[in-house]
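Encoded as structure tokens, the following chain is the form predicted on its own, with no partner shown.
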Amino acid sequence: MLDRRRFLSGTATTFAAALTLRGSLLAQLEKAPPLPDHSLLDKNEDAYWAEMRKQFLIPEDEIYLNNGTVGSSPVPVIRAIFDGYAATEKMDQHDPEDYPIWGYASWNEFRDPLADFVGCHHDEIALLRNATEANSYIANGLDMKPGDEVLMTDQEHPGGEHPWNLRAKRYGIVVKRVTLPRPVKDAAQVLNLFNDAITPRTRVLFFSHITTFSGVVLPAKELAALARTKGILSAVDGAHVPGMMRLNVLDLGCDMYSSSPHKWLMAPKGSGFLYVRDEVIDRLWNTIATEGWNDTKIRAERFQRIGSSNVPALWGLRASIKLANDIGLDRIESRHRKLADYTLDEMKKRGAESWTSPDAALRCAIVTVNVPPIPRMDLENWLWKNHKIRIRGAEPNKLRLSTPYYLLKKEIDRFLEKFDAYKREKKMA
């Protein structure tokens, strides 16, 4: 039995540790330099991005090459989350029936900037927690009969593929896949593969705008148009796109679009969205049902009626959109492409087999290479444990290298230097 003195001692230690951690984080936020002036971009671009690097809590001696899984939220986003807690936890809302629980109302103060950012009306946007949740809504919400087909690629993320696999196992729909080349040569190659795989039973084209496996930017606009000509719905997993490159869902012409802005927009973890074209909203059933689930007048808002959720995450999402807009999406996309092209060229010089598309329109900020005989997990562990460099890949020899805008050329060069050192140490040079 725990005696009172030991309990109080343990509680005091835990509380003190919590205060120390809290003080450490707040101290880091307070010490962070102001955002660099945008005029510096025109005067000295390298200096500008070096200053932006200081907005991230990633230590100076760490190199992070995996925004493809999750991004680091910069200081303005973290501050906004704190501001959200400070504002909501007072419980002093003007309306006594109003409570700070995202999941029961429109929250247009957050939907409006997001809708502007992705190019649609807020009535077509639902604030969710990630692309997996949104993809599950799509797979569960469409009326489909046993034998009806959904056509996707062989490079889908588990959070995009498995909602359809579950539907297939439970209700008898059919999941078909097209095999993408490694690398994809051009857009026509992709369109022909999909066109040839469509049958009279195909009801949905589901594909990643940018695949998680190779980072290829698929021709989403052309694929959506192909689906429309065949009377098929198009659903796009855009987990990687917002914040990596400019996005306009109306211009794409797709029927549905899901995303996880915690990757390249570097929004808080647990902030995502589902776009549903207005003409399609009434064809999609809710997956989670609470008050408002059957109210068609509120349009896509009914898909964000998910019960109580974390409002301060939406403060952070809004701040991440503002930061991206302030920097400029064209500047960000150009930076992504420049860093990725440099990384790809250097890896090819080292004998890596490129799985990144040679077509500049089909690549952006993810470089994928095959490096046999290097065992990727051994390399991943060696880089992190010995040199604080984080990468991601897949068995047996694939490396996926992400190049977020705050990454510095000297950091890429350090990764390349250690990659060479690993090969020498393991006698693979």
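Note that the structure is predicted; figures quoted are calculated from it, not measured. For every residue, the number given is its place in the sequence shown, counted from 1.
This protein has a second form, the form predicted in complex with a small molecule, left out of what is shown; the following refers to that one.
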| request: Check each of N140, N130, N310, S106 and return the one that places a heavy atom within 4.5 angstroms of the small molecule in the predicted complex. | output: N130
| Out of L323, A80, A239, V190, which one falls within 4.5 Å of the small molecule in the predicted complex, going by heavy atoms? | A239
| task | Could you tell me which of 261-269, 180-188, 80-88, 143-151 sits within 4.5 Å of the small molecule in the predicted complex, going by non-hydrogen atoms? | result | 261-269
| task | May I ask you to check whether T212 falls inside a 4.5 Å heavy atom distance of the small molecule in the predicted complex? | result | yes
| Quick one: does P404 come within 4.5 Å of the small molecule in the predicted complex, counting heavy atoms only? | no
| message | How about H157 - does it come within 4.5 Å of the small molecule in the predicted complex, if we only consider non-hydrogen atoms? | response | yes
